[in-house]
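Same chain, two forms, each on its own as structure tokens: structure 1, then structure 2.
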Structure 1
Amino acid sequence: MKTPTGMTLRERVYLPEIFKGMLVTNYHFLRNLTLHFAHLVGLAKERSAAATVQYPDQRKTYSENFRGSHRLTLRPNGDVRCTACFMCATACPAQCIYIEAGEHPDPQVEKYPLRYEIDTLRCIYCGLCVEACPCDAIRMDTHVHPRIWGFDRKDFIETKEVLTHRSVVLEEQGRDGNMNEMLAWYKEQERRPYDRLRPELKTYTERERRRQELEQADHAERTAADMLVNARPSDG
């Protein structure tokens, strides 16, 4: 075998190098062991014994400019800032924003959204709606990622109430507030019965039939609403 060039004699003898390597591993071993014991008795809590984050027990906070879930900003008096101008819905490449405009009681304000819904299953979190908004009414600075699971598609549609609530939470609880709330929602969902529609329906057929009935009713309801305002962009 050809001896690789560029190695000193010490490196070629190899044993000192192994020893150096073992010093490194041993240092990590002893440091982390000491830290774990210190944590057990409540010392040195600020120094972590592992480079890993024990999600979901611990979590890393998102960076300051993290583009997360949307929120609808509020006026000082608590009203929604949005004027239902449809700029965001127009800019949206995924066509996931559904706005239903209504006349505002205050004559100074032209319109406001009766319904403002974001279908997060379609949303690609590109931020174009935020860019398009002329009155800073929609932002994505909630420091919370989108919900990743739900029981049906409805769970992923964020209504005006949800979106404005995020602004309130952000105002009151700071940047961790929305994340805490979402994790609490997850916990709540975990405790919910498997079939929240009708837990008394035991068999698969029964459940399936009931689900279809509900879906049809829902669909009929939505179609009627669409026809009424005639504002919903048609699906592709």
Structure 2
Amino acid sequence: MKTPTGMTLRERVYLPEIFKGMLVTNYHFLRNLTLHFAHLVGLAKERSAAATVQYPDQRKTYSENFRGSHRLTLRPNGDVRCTACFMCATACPAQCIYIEAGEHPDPQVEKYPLRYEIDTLRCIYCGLCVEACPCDAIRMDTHVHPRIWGFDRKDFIETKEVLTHRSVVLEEQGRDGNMNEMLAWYKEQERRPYDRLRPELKTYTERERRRQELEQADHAERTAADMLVNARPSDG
């Protein structure tokens, strides 16, 4: 019998529901633990056990309908399809698209985007820009998630060049091309040396070591300069 709140007496007691939840949790825990041990000895290889994906060394393959990072599509001659009609920017609920229109060299085309930028920190990846575009100029079928590395807002602004480059990579390398390129970019950033102008980058391991080397070199230079000053004979 249900109460006015829509819950049965059994549900309102809560203890049976808590017990059911614990049964489900412990079932999955024991099942996965057993399968992991079985895999260690070469058994039950055909049955997968739930595990954390060790990204970026491992990663899941996104489905075909995954709504990933944006790209600007290109015409057969390599020109961007966008006509700077501002339909995508108008439909965007986050107001994260900035377009600066210019006159196209081809008299058959009214205008084209001199600048096309997406602020990925504001974007909610709703896909309304794709639906609003009348000429199929913007898509989200790159099969790559948004870039998560950066220490400044400008690091998350995707420009027209970045958006069109994704279309080139998708055409030449297939669906995994953009993801492979982004992972290679991550590794490149980790290898970059410490930058004095951007001290916040020291949070990455190799850059911290580089920072210590620079500080030690600076200390040695100051010590040598002090010793040179002290070694000069006084005027008296």
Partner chain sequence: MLTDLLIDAAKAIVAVLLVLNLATVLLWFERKGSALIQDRVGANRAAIFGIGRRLGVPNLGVTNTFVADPLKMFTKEDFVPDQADRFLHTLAPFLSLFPVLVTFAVVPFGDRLIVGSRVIDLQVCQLDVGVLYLLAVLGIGIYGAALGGWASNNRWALLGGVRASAQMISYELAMGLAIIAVVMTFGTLDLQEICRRQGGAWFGWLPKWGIIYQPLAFLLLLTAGIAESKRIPFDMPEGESELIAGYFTEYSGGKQAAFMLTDFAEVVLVSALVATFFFGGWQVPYLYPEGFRLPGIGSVLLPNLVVAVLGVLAFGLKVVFFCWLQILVRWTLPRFRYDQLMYLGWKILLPLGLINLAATAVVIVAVAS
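Each residue is numbered by where it sits in the sequence of structure 1, with counting from 1. Take the two forms, find the largest set of C-alpha atoms that superpose within 1.5 Å, and that set is the rigid core. Just so you know, these numbers come straight off a predicted model, no measurement behind them.
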**Request:** Eyeball the pair and call it: which is the form predicted on its own?
**Result:** 2
**Request:** Using a rigid core alignment, state whether the CA of Asn26 is displaced by 2 Å or more between structures 1 and 2.
**Result:** yes
**Message:** Is Asn180 displaced by at least 2 Å at its C-alpha between structures 1 and 2 when the rigid core is overlaid?
**Reply:** no
**Core fit, then Arg67 C-alpha moves 2 Å or more between structures 1 and 2** = no
**Item:** Value in Å for the CA shift of Ser48 between structures 1 and 2, taken after the core is superposed
**Value:** 7.9
**After superposing on the core, C-alpha shift for Ala217 between structures 1 and 2 in angstrom** = 31.0
